[in-house]
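We begin with a single chain expressed as structure tokens, specifically the form predicted alone.
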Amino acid sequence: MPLLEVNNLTKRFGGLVANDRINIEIEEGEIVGLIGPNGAGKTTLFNCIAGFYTPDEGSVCFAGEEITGFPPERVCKRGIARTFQLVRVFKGMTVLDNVMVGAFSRIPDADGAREKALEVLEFVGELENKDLLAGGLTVAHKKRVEMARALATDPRLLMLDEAIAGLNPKETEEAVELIGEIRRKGITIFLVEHVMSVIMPISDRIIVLDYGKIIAEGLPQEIATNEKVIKAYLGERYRAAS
């Protein structure tokens, strides 16, 4: 049984079909990359899975349970956590308090949530910033705090929406290492990313969206040479570079 199963998922906004009969299966322990041009429907798909949008058609099943239309907090309690394309931290709260918000989804008491938050902050390398206001951090640190908040919910599936975007080469390398460490903890990862030098090496499989439809799916090396993908997204320069 796949950990995540998306069947014929369709989401419309008026006359625009943002997701058109999407079918996806993700096995436990995988890292699956989702790529495609801007406006292809990647974040919309994430929002439908995580409960921010309700699909117009189709279903989402997680760990054998249909969760279609569940609100985000209920999806989170089932074991799916996500980060956002535009970083969302509580700017007026400390780093520690930001991560405690995630921990409270599982742990009702403040002492337990604080202990969990401190553990996760140490794991992502943000413990030294625990008493700083999240709004004053750099983009790289904010992304780690957002990831820590998601991890504090004890997810089985972590969905990362452009977690590498905006980072310099050193920060990118550190983020890739962290994603690897998350996987080694047994957490399945579904990530959207435009940085091909990042998503290709770390993904077990790649899914490609274009105009709301899946146009290709396969191993990274297969996607890199797929004519449809090169034409719609990667471009001839990528073919030449690879």
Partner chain sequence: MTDTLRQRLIRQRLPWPAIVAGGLVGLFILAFPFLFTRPFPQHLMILIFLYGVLGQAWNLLGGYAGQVSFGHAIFFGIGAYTSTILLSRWNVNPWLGMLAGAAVAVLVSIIIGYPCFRLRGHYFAIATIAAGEIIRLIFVNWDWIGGARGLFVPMLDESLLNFQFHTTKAPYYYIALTLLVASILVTRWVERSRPGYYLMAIREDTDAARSVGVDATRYKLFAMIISAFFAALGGTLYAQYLLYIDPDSVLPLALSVRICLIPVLGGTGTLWGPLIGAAILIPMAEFTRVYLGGGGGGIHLAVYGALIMLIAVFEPGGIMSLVKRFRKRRT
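Predicted model, so just to flag it, every value in this text is computed and none were measured. Residue numbers count along the first chain shown, from 1.
What comes next is about the form predicted in complex with the partner chain, which does not appear here.
- Looking at Cys76, you'd find a heavy atom of it within 4.5 angstroms of the partner chain in the model of the complex.
- Although the partner is absent from this view, Lys143 stays clear of the partner chain in the model of the complex, with no non-hydrogen atom inside 4.5 angstroms.
- Although the partner is absent here, Ser105 lies within 4.5 Å of the partner chain in the model of the complex, judged by heavy atoms.
- Proximity of Arg156 to the partner chain in the model of the complex: non-hydrogen atoms within 4.5 Å are absent; the residue sits far from the partner.
- None of Gly112, Gly125, Pro72, Gly166 but one reaches within 4.5 angstroms of the partner chain in the model of the complex through a heavy atom, and that residue is Pro72.
- In the model of the complex, the residues of 87 to 104 lying within 4.5 Å of the partner chain by at least one heavy atom are, in order, Arg88, Phe90, Lys91, Gly92, Met93, Asp97, Met100, Val101, Gly102, Phe104.
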